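For reference, the chain that follows is the form predicted on its own, supplied as structure tokens.
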């Protein structure tokens, strides 16, 4: 005896087809929206790399093509990498970014811990001050900072490039939000065992905050690697020039070598991509774990 084949009537198939059509149309629209957003995000980089392979007169040609009509990539990249001390520029940028990041972490982690876990008079006012400072751009303080560095004869130094960013209120707020979720019972147990507050920070808080540290490190490194405004003010010699500032060498009052400018931009972008690829998992984890807590 054989079972009769399973038969579905047209009346039963009709709602299934409509549901499948809705899912298919909805998914298609989502994929189209995501694809359009991805293209908008990626196209500037495609255009940058494409322009770095072209001669200057072809970069802003009305008849745009991805692949250059006259290939000038070897000339542009050779001029960027070998006709100037580009390793020195990259080293300057690395020293400045790592120096800023190190001081920011040393100051922000204890401050964030204090605002999150310690009870002291004025903590609410201090937290409000930190949040208020988030709204102050560097342009507001650049003139007094510049005048102070001039008085101390510190222009054209690594310290001058790092000084305005050594204390990051964004980092303090970010770590404060992360530390709010750390169990108070663990901290109380550590205090009972005789741990000082510094030992609690170093031995308990910092190991647990590695995702947040990775997330902030990516933010800080990329922001200061791309910074042009402040180095343009305080750097006065080629020996202290950063990689981003070196792009200004291809611009003059009457002419700009766009091919080499885009080649320099491409070379400058590569370290940032490597930093993100290296820390992407910790970065994403740190962002998802650092929510706004009361």
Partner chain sequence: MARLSLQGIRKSFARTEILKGITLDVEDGEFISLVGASGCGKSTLLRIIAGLEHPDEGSVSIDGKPVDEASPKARNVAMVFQDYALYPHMTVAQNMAMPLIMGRLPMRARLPGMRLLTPGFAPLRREIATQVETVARQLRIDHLLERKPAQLSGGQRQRVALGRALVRNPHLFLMDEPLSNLDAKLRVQVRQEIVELHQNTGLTFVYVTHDQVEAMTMSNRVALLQEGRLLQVGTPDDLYSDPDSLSVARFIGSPEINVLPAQARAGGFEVGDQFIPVPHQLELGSDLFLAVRPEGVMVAGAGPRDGRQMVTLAVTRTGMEDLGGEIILHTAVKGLPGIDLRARLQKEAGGVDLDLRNLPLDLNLSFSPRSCRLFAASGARIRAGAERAASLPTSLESVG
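These figures come from a predicted structure and were not determined experimentally. Positions refer to the first chain, counted from 1.
The same protein has a further form, the form predicted together with the partner chain, not shown here; the description that follows concerns it.
Heavy atoms of residue 146 never reach within 4.5 Å of the partner chain in the predicted bound form, leaving it off the interface. Contact annotation: residue 119 falls within 4.5 Å of the partner chain in the predicted bound form, judged by heavy atom distances.
Heavy atoms of residue 195 reach within 4.5 Å of the partner chain in the predicted bound form, making it an interface residue. Heavy atoms of residue 156 never reach within 4.5 Å of the partner chain in the predicted bound form, leaving it off the interface.
Residue 190 is the only one of 162, 174, 190, 105 with a heavy atom lying within 4.5 Å of the partner chain in the predicted bound form.
Out of the listed residues 88, 150, 95, 202, 202 is the one that sits within 4.5 Å of the partner chain in the predicted bound form by at least one heavy atom. Look at 97-105, 212-220, 182-190, 69-77: in the predicted bound form, residues with non-hydrogen atoms within 4.5 angstroms of the partner chain sit in 182-190.
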